[in-house]
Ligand SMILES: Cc1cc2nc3c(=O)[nH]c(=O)nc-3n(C[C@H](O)[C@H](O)[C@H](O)COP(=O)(O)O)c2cc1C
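Shown next as structure tokens: one chain only, the form predicted on its own.
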């Protein structure tokens, strides 16, 4: 039994959820929870009764976001026994390079040691907003192939080396153009112009 936990505030529309849905293709018996909307007690009960946990969350200022930290702190503060369980981690960030997720991963590894859960590997996704959009599949193939590899590791319950993805097919300049286009599009939905979005 696999428990997949989405720590993103964006819930079903988040990149974290996209990556969990993608990983779930490789798993037979699993449940996906969203920390924002699912009952917290149900999530804790499922964690206690599972063998494998896959935790996905977005990077917030070099750290797990608040919803994820709430879960981690609750487990630690209540001395919940996670021994004989495996933990896999998916962290995605808005930077082009997945290496920016390293500090957040180290926080998770430290927590894993303290709660006695077996840390089994991670994938650190750069440019999460692009990788999580299927219309960009022609430039995300390298990252998706690494995600497939990670999914197979989880299915086989194997420890895997930390996997880092970088949007190699885009230069920083082109990636910034993608990002600016995305923000402009979101601004337009909220009746904001490019000028409104600029830092004053």
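Keep in mind that what you see is a predicted model, and the values were worked out from it rather than measured. Positions refer to the first chain, counted from 1.
Omitted here: the form predicted together with the named molecule. The next part is about that form.
The partner is absent here, but in the model of the complex a heavy atom of 60, alone among 26, 60, 30, 33, sits within 4.5 Å of the named molecule. Taking the partner from the other structure, the named molecule in the model of the complex has a heavy atom within 4.5 Å of a heavy atom of residue 95. Among heavy atoms of residue 81, none comes within 4.5 Å of the named molecule in the model of the complex.
Here the chain stands by itself, but in the model of the complex one stretch of 41-49, 156-164, 61-69, 141-149, 61-69, has heavy atoms within 4.5 Å of the named molecule. With contact defined as any non-hydrogen atom lying within 4.5 angstroms of the named molecule in the model of the complex, the stretch 22-50 contains no contacting residue.
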